[in-house]
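Consider the single chain below, provided in structure tokens and representing the form predicted alone.
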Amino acid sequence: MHPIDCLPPLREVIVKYGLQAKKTLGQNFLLDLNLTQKIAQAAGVTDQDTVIEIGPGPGGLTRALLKTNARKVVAIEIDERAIHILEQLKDIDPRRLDILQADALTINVTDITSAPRKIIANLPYNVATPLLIQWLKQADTFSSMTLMFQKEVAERITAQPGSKDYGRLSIMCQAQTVCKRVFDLPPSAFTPSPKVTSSVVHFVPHTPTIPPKLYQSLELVTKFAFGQRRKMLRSSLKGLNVDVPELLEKAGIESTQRAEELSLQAFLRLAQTFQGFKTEHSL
């Protein structure tokens, strides 16, 4: 038996340390160790990997990650109450577990870990999307990300053109990674139970990822294109402050199309053309 299996159940640990979930921190604890094991397995951890976990809370997923053969597990937690619980895990595996009390939004995880890196996390709902966008901008520094979101966010991440969920987040994720919804978790799996179903999404960065400047242009183009998604592109892209009909013509896109009709490739072409436009007109 693994030493971690001798630890008390998570519900007892939460009571002992007074770790009631805080709404302000977006906390919903996953206490079913079979499910945390399933998430760890979906990530395909090897003995070369440094695993980064965000918001471990009482450490259910941390326990599962330490039972993999990961070279190192770095747990980043903002809540001081949870740090005391995680220290029990560090007593069991001091060499492989590092605990960092910090706000994940304010740190660059690549500065504190070595490659190859995998992020595996049950993300707090209130910071899940901002964290994802932050990591997508440096997707080439991770070998994969296995992350939990509200199901509706997961559907937006993996959505295809023409669907109601297809939007800016779909493009920003799919431009940098192959993303796949792996499985769903019911509200009853969490304490407290959220009002929504959750989904685990696995991301594998493209090789190579797209250049930072092109990604920046893509961010801007999609912001305007989906900002008024019911309008034709000739109207919605006016905020770019360029000759929109000429931009669309150069990109080979019909001006009467709407954002939700464009493929990822078309958006990349549009972003690239826009980039060239800016360079051309700044000369």
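Note that residue numbering follows the sequence shown and begins at 1. In this text, all values refer to a predicted model and were calculated from it rather than measured experimentally.
Below: the form predicted together with S-adenosylmethionine (SAM), not depicted.
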The stretch from 116 to 124, 88 to 96, 161 to 169, 179 to 187 that lies within 4.5 Å of S-adenosylmethionine (SAM) in the predicted complex, judged by heavy atoms, is 116 to 124
Does any part of L233 reach within 4.5 Å of S-adenosylmethionine (SAM) in the predicted complex? Heavy atoms only, please.
no
Can you tell me if I78 lies within 4.5 angstroms of S-adenosylmethionine (SAM) in the predicted complex, counting non-hydrogen atoms only?
yes
4.5 Å heavy atom contact, D103 and S-adenosylmethionine (SAM) in the predicted complex:
yes
So, L218 and S-adenosylmethionine (SAM): in the predicted complex, are they within 4.5 Å at any heavy atom pair?
no
Taking 4.5 Å between heavy atoms as the contact cutoff, choose which of A225, I54, V45, A64 touches S-adenosylmethionine (SAM) in the predicted complex.
I54
Partner contacts for 20 to 43, taking S-adenosylmethionine (SAM) in the predicted complex and a 4.5 Å heavy atom cut-off
L25, G26, Q27, N28, F29, L30
